[in-house]
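Shown here is one chain on its own, the form predicted on its own, set out as structure tokens.
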Amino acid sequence: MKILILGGTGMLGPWVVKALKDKHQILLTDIKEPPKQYQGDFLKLSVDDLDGVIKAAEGMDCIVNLAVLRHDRKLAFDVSTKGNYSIMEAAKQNNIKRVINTGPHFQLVGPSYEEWDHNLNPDMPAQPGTRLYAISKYLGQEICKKYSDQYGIKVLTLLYYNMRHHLDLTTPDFEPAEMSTDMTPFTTSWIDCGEAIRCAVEVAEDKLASNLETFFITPNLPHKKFNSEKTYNILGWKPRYSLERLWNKEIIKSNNHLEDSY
């Protein structure tokens, strides 16, 4: 399968490439150059460049959208909202029938759900709240929905909560002491995050109930705050790591070296 990856040199991109490269032909795109160890086709491209995305999608079988910008109001809208318009218009014009979209869990389950409810599932009506990141991603998903309904494009949206490497949980934005008190237990290893994209790319059409399906990408944790059974049953995703050291609230100090992502 020929796959166009947008926003592919960010945090998730290397793990998606690793999961797909042995079975699929990839065109990696981003506004930043890939690391030197990446060996494959690359095109410098912003997801909000409509004409550029349409051209890059020529001859592709699937589009994977990993693009995101969170903190700037205009850029977040351009990338997370208008970028989805570029993707879906490219899919329509190039007759691409599968798009894999990604986003944060709270573009669906914002504070009104998360603070009070239990057994949250990916088929609940969306309540993204008012955070810039959540609302810009939610609006992008609404664009995907309109195109999916109108043109029969299958859009699989994978919603992530938090990501860490299973060998080293003490990443720069979290100190060990913080992890022992309030680190989120709903964390997925980077390897499993990439594998979830592969599962979405390869899942058989007859396993999808509709053209627009959403999946939570979280390990199956004991407290069942988020229900990921749909992901396991339909996508066949089986996370290798539960990262139980996080939800057991242990302080982690690891001297292990991270394996190369690409």
Partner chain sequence: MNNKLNILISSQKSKISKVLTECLQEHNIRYFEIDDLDFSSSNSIEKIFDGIDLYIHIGYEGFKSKDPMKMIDYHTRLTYDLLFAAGRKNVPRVFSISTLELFENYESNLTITENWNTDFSVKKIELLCSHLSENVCKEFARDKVFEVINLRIGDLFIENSSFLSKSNLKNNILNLLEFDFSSQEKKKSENVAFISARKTGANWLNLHLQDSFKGQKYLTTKIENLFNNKGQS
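Residue numbers count along the first chain shown, from 1. Bear in mind that the values here come from a model prediction, so they are computed numbers and not experimental data.
The following text describes the form predicted in complex with its partner chain, which does not appear among the structures shown.
Student: Heavy atom within 4.5 Å of its partner chain in the predicted complex: which of Ile191, Leu120, Leu139, Met163?
Tutor: So the residue touching its partner chain in the predicted complex, by this definition, is Leu139.
Student: Using a 4.5 Å heavy atom cut-off, which residue among Asp30, Asp48, Glu195, Glu213 comes into contact with its partner chain in the predicted complex?
Tutor: Of the candidates Asp30, Asp48, Glu195, Glu213, Asp48 is the one lying within 4.5 Å of its partner chain in the predicted complex.
Student: I'd like to check something about His71: if you look in the predicted complex, is any of its heavy atoms closer than or equal to 4.5 Å to a heavy atom of its partner chain?
Tutor: Contact check for His71: no, nothing within 4.5 Å of its partner chain in the predicted complex.
Student: Can Gln93 be called a contact residue for its partner chain in the predicted complex at 4.5 Å between heavy atoms?
Tutor: Flag for Gln93 set to no.
Student: Can you check whether Arg131 is within 4.5 Å of its partner chain in the predicted complex, heavy atom basis?
Tutor: Because a heavy atom of Arg131 falls inside 4.5 Å of its partner chain in the predicted complex, the answer is yes.
Student: Tell me, yes or no, whether Glu114 is in contact with its partner chain in the predicted complex, where a contact means a heavy atom of each within 4.5 Å.
Tutor: Output for Glu114 is no: heavy atoms all beyond 4.5 Å of its partner chain.
Student: Can you tell me which residues in 65 to 97 come within 4.5 angstroms of its partner chain in the predicted complex, by heavy atoms?
Tutor: Heavy-atom contacts to its partner chain in the predicted complex: Arg73, Lys74, Phe77, Asp78, Thr81, Lys82, Tyr85, Ser86.
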